[in-house]
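One chain is shown next in structure tokens, namely the form predicted on its own.
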Amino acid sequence: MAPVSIRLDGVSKRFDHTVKGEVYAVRDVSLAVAEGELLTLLGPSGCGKSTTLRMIAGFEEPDAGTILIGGKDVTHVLPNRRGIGFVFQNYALFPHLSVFENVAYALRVQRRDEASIARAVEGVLELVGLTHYGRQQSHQLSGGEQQRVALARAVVFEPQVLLFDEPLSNLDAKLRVEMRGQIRALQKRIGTTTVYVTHDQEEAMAISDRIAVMDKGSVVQEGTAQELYYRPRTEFVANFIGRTNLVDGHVVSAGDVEIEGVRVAFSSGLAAGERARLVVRPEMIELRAAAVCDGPHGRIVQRTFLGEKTDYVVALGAATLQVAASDQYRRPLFEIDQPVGVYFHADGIHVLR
């Protein structure tokens, strides 16, 4: 089936809370998902991302706004008439049915003939790497295998739209990485328009074409992983997407900013004398031996060796900086309390407006 677009225009959802009264779970959300695109809704617990997904699916009805799938208004259309495949957080497999029958369920509801059901199920099980698993019972499978069955069941009837609600949260860290790669590869192979919900920033960055960051029921910024990481619009986005340093800089001139006494050649777009709130990612700071550095020195407060990199916490003036060094195999590690020179890479500094 050809991929379709999804559009949300001014969608809101309210709930009555016994203590707080009327609460907005989602407030005036407008989003557009292109044909064949994978958009991730990312944010902390309670930000409204799952409620938004459930409204796209038809499990919740919005109090305001419209939802369009393939250009058709489906705001008040039943879930089974929207052409969606839904992958739940808890897999939601039928424990009394075999893998084959779990995947075949939606096709039987559509009253397909046995031959076409067999072809479709066998084809999709091969697609998710579960060939010959048809006779297995769901309780005999590992978590990763159960998740692949849930995925196969969601795509077997060729839905127009594929929706994922925190699908990897029950898996261990290594399997999460493996499964997100498989989901991404499958989505690109079948080309189905997809909306994916997670609170895991790394997962969102690895799997998405675009990400919509949500906070308190609203979309605060959307864009590619690179755009959100390097050019966040707010402190919330800067802190939520990856690790970051939020530091105050003093604009010395049109082309220079001073950070805790360290002058950086950087065009901030602000006038001399102004203060600037700066986003500096840990990998954009370089540490050098204090003996070969002029100017203010920092001090190593904490060191964490992680193999592929070493994370440092460095005190510099009134600021405490997170620093990620990835070339420690070529030089000795800095010791706790050791003075160090601190250098900021100007191309990695972003000004919050």
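For every residue, the number given is its place in the sequence shown, counted from 1. Values in this document were obtained by computation on a predicted structure and should not be read as measured data.
The protein also exists as the form predicted in complex with a small molecule; that form is not presented, and the subsequent description refers to it.
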- Region of this chain that lies against the small molecule in the predicted complex, out of 65 to 73, 293 to 301, 45 to 53, 319 to 327 [heavy atom, 4.5 Å]: 45 to 53
- Query: Just to confirm, Phe15 within 4.5 Å of the small molecule in the predicted complex by heavy atoms?
  - Reply: yes
- Tell me, yes or no, whether Lys20 is in contact with the small molecule in the predicted complex, where a contact means a heavy atom of each within 4.5 Å. yes
- Looking in the predicted complex, any heavy atom of Glu203 within 4.5 Å of the small molecule? no
- Item | Partner contact for Ala25 in the predicted complex: the small molecule, 4.5 angstroms, heavy atom | yes
